[in-house]
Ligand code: AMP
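Read the single chain below, which is given as structure tokens and is the form predicted alone.
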């Protein structure tokens, strides 16, 4: 069987941030150039987004924004199947099957639940959020994905998908391919403005669509230590460097590291340099984004749905037959 590579992002904000891009989407794009014979699947995770976003108008608006960004950042729609799982019934169907095979103890070990528990908010967690990893497993297993490019924070969810696939295969016979998480260690966790992991929930992110004024304001907010201009600085401990290096060529990166270590570099200069690199990198993405219409991405989804539906239906038919749902 042809190797399949799959990933997706939630439409839970007005745009994607550079952590989403460098942590998951850019590695995915790079694979489309190196894995010439593979099939690529990129989905709109709006069923996951619904755990947080219940206003239909906003959910649709955010969904269209992410789809347009997929194209603007370089996803080739002729090479990658971009689709909406909410229009593919098999996602919800397989979610139900896998939910019935998963014990509570497994879900209680998941990071999302443990975080809510630690904050005293477990009682406020929706059932959909609690079962988030089950739906993600269904998204992956439905298409026999070999590789799933993710950030470090999603590794546990892919590992759960592996576990549930192996459990199902043992009980009902070989059905699902066991997927592997693909994590680029250099960008496994993208640093935010405050030094924590970049996240919309922390409001410490830099958006792909941030205008020049907003971008400059955010770069100025990047947390730094109290070292003087003259002092040597360890680039690997500097938030400005860790964010800025994402936008550098290997040659630029080496030159930048030398400047940090040599001393004489002010954080003001470091931030100005980072701002220039970011602005130049993001400008073409933003220009392309604004040239893409809603109708264009809706048409793209419609074109892909029938092909994706055929793959998904074949798998869920096999699953239903094996577990006894199909009576004929």
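Numbering follows the first chain given and starts at 1. From a predicted model like this one, the values you see are computed outputs, not experimental measurements.
Just so it is clear, the following notes concern the form predicted in complex with this ligand, a form of the same protein that is not shown.
In the predicted complex, this ligand lies within 4.5 Å of some heavy atom of residue 190.
By the criterion of a heavy atom within 4.5 Å, residue 242 is excluded from the residues contacting this ligand in the predicted complex. Looking at residue 210, you'd find every heavy atom of it more than 4.5 angstroms from this ligand in the predicted complex. Proximity of residue 129 to this ligand in the predicted complex falls outside the 4.5 Å heavy atom cutoff. Residues of just one listed stretch (198 to 206, 214 to 222, 166 to 174, 98 to 106) have heavy atoms within 4.5 Å of this ligand in the predicted complex: 198 to 206. Just one of 235, 181, 151, 74 comes within 4.5 Å of this ligand in the predicted complex, counting any heavy atom, and that one is 151. Along 240 to 270, a non-hydrogen atom within 4.5 Å of this ligand in the predicted complex is carried by no residue at all.
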